[in-house]
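Below are two forms of the same protein chain, given as structure tokens: structure 1, then structure 2.
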Structure 1
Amino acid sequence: MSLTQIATSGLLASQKALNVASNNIANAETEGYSRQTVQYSPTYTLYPGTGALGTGVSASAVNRITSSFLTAQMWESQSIASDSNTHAQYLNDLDQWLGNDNTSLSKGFEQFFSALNGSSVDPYASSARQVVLAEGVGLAERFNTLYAQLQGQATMIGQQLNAAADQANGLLANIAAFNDQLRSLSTGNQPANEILDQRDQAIRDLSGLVSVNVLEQPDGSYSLYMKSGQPLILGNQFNALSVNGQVDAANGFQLQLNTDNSEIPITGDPGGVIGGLITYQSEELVQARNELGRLAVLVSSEINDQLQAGEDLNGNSGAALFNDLKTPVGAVMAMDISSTAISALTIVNANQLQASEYDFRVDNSGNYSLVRRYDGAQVASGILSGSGTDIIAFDGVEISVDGAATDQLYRLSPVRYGAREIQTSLTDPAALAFSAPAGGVGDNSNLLELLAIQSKGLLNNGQSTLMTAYSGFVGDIAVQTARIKTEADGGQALLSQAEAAVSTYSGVNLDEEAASILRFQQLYSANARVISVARTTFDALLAMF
């Protein structure tokens, strides 16, 4: 074996190493790229045993430096960080609306009652009455505005869920395709490094959308499962995600997995951005909608009842200021088409209302149960009478149920739309009934009763006034917002750590690559020198003749 041949193998090996280093340099900022190194091995040995002689070097493989443990940790933290971050963004908006003077109900209550108070000195004066009407409209509009903000969030959640599901499906398709490509491209012991990187990166992107469990198969392909166990990818096959439902559906938007023969609804928190959206939708959004609705129903019922007990400037008995919310729209939602048992839902005592929705179930034998969703408490149960109409009462609400009904499922939402529906129904300031019946136009005694409403314990067993109920709710949301923000910060820190760990192991360091280039340049020069030496030696030999 000649010097020239040996040196040539060295030249080629150092060229390859220079290529790998320059590829590393080129990808120094590429996300998901793992640095590569050349693995050298000596080529075959001549005359083994009798006088072994090396024949040179070959760059036998280009290795990708990764740790599957660190990568898996990063996927997991990516999904936690995206989940809590998305949740925190929505909750933060709600927190700001509730605290902002322009949207806060607290300001609305204050201004409305101040206007009423302004009439108490001179209940006859039409300018002060006009202010009461205007502040009544203002209060109703604050409810409407807050509801519209929540509805905007709910709509946005649907759009984002759809976008996230589309994106996830694209990634699932890619990962399945990478599984396939890797089988055909990874020949011998030289894996297709870039595709491995791309697959890992795609799984990271997917983890940002929805949390996954990854299982490596003997053939090198990855099987992916949802946290709840359903299969997403097996080999080159994948099941697509889709979003079901609509903004005003009982459960809003829901995620489902579409397999060949079935559609599986995904319940619970699926993690990632999708998880953050679904959690906010089913928790704080529902809570906020019901709490605002409850306050809207309560304020309209209290003010209307008191006004109707009085007499107006024209000597007529009092009219309602707000519309009647006691037979709420959209409060009865049948969860399947066979449910037709409930014919009416009426609010009979606004003071007993809870900021919750309810699940009403009747089994095949007519046993019914009513569960308050907010805390899971069973608020009514029994057996239907078998004929006629049964009235079932709970939490200040009554429903009329077909006594012979079986196998029914309903979602009851007595206060869900209260904040959307509230508005004033009075335009004539003279029609505000500030005086007691037969009290005369200068009498303000019914007005004093109206004013007393602001300091009366009206909710939660007489514990809460309108104002304290609202401030309690604001405080509750603030605590949850602060908690989820801390969680999101923690998630982000965890993700940064995981990223740092991965990049410390797999990332490209430019100084390191510069040093490699210097080394391999030197190696190249040395081998070139050997060739030149070989030539000089041969020339010297020739010169002898």
Structure 2
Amino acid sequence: MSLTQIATSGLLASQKALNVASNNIANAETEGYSRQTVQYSPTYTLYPGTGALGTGVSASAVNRITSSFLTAQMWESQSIASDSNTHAQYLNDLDQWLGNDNTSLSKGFEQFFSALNGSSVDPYASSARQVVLAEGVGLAERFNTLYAQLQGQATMIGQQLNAAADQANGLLANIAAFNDQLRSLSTGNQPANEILDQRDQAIRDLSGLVSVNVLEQPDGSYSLYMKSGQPLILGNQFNALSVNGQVDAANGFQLQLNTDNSEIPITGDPGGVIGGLITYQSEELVQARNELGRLAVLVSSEINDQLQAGEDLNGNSGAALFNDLKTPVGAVMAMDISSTAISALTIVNANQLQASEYDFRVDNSGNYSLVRRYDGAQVASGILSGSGTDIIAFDGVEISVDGAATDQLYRLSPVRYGAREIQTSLTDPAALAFSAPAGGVGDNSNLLELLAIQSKGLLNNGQSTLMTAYSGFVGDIAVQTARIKTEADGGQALLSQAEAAVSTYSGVNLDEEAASILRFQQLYSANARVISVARTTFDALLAMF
């Protein structure tokens, strides 16, 4: 081995180091790029054991500087931050609508009862009666508007879920393809640092949509699983995500995993943006729809019952101001095509209503159970009679069930659409029955009973008035909003910390790379100098002969 050959190996190694440092600098702003370094190793040794003599250096590999622990932590943090941030955005919108004067029910109740109070001064006055009708319309429209906003959110959730599932499927396909490429390159022992970075970045993007568990295989491929355990990627094969359901389905929109042989529903919180959407849909959105519906049914029931107990200006029996919500639209949803047993659902006592939906099941022996979904309480159970029609009562509601039914599954939603359906049915001010029967024109005793509704304990075992029930609901949403905002802030802080840790470990430091360039340049010059010395020495030797 000559001096020139040894120096040449040094030249090549330092040139490679310069290239790697330059590549680091060029990719300093590339998302997901990991810093690379050259791994040196001495070449073979001459005369081992009898006067070992080195033969130079080899730049044997270009290593990617990463930490699997820090990378996995960043993926998890990304999922948590996206989940809580998405959840917080929707909940914040709901919180603002409920408290806004233009949509708030508090304002609507206040204006409606204020109009009634104004009419009490002169119950005969048509202008004051007209104001009562107008405020009744206004109150119903506030319910309708809030429901429409919730429905708009539900529609948007479906659109976002579909878009997120499509985006996730694209990333799953890319990651599976990267697995395939990496296995191929690994077989040929070729460096694949850029592909490794791209795969890690794709997993991070996927984690923003749905939380994943990543397991590295001996061949270098990654297997990915949902948090609930279902496989997303095995080698170069992946299972696609899809969204089924619709806005008014019993469970709204649901995520599912499509394998070769089956479609697997994904239950619980899958994490990421998809998790945030599904959590909001199944918790606060359902809660809000049912609570607003309960109040709509109650106010309709209370005002109508009182008006119908009085007499109008023409001496006629009182008529209802609002439409009847005691036989609710869309309240009975069969969960399968064989469920045909329930023939009717009727609200019999609005004061006992709960802001909840219910699951009604009948087994193959006619045993039934009815579970309130809000708190999981079983509110009714027993065995059907075996013939005729059975009436089952719970929480102010009655259902008519075929007594011979078996194998039935229903979702019952007595108040789900109350805020959508409420409207006024009176247009003639004189038809408002403010007087008691036989009270005569000018009597306002029934009007005073109407005004008393405002301060009556009508809900929650007599503990809540219309106003306090609504205020309590708004307060509950405000507390939940504050909580999820705190979680979102915490999730973002956690993600920032994880990003900083990864950047510190794997990111490109320009000062450090600049120093490396100078060092490798000196190394290159020194090896070139050795070649020059070798040539000078060789020329001197030739001159001796």
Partner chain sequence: MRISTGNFNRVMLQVMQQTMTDLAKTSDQLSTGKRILQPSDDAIDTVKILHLNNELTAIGQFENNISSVTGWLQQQDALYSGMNDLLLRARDLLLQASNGTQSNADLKSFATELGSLNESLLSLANYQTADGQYLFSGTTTNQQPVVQSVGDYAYNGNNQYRQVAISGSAQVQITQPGNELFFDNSATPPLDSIFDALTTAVSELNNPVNLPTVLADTIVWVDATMERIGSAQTRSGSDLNLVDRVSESHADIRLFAEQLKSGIENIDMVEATTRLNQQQLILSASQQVYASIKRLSLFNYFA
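Predicted, not measured: the structure shown is a model, and the values here were computed from it. Sequence positions of structure 1, starting at 1, serve as the residue numbers. Throughout, rigid core stands for the largest set of C-alpha atoms superposing within 1.5 Å between the two forms.
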Subject >> Form predicted alone - structure 1 or 2 >> reply: 2
Subject >> Core fit, then A59 C-alpha moves 2 Å or more between the two structures >> reply: yes
Original post:
Superposing on the rigid core, does the Cα of Y40 end up 2 Å or more away between the two structures?
Top reply: yes
**OP:** Once both forms sit on the same core, give the Cα displacement of R529 between the two structures in angstrom.
**Re:** 3.9
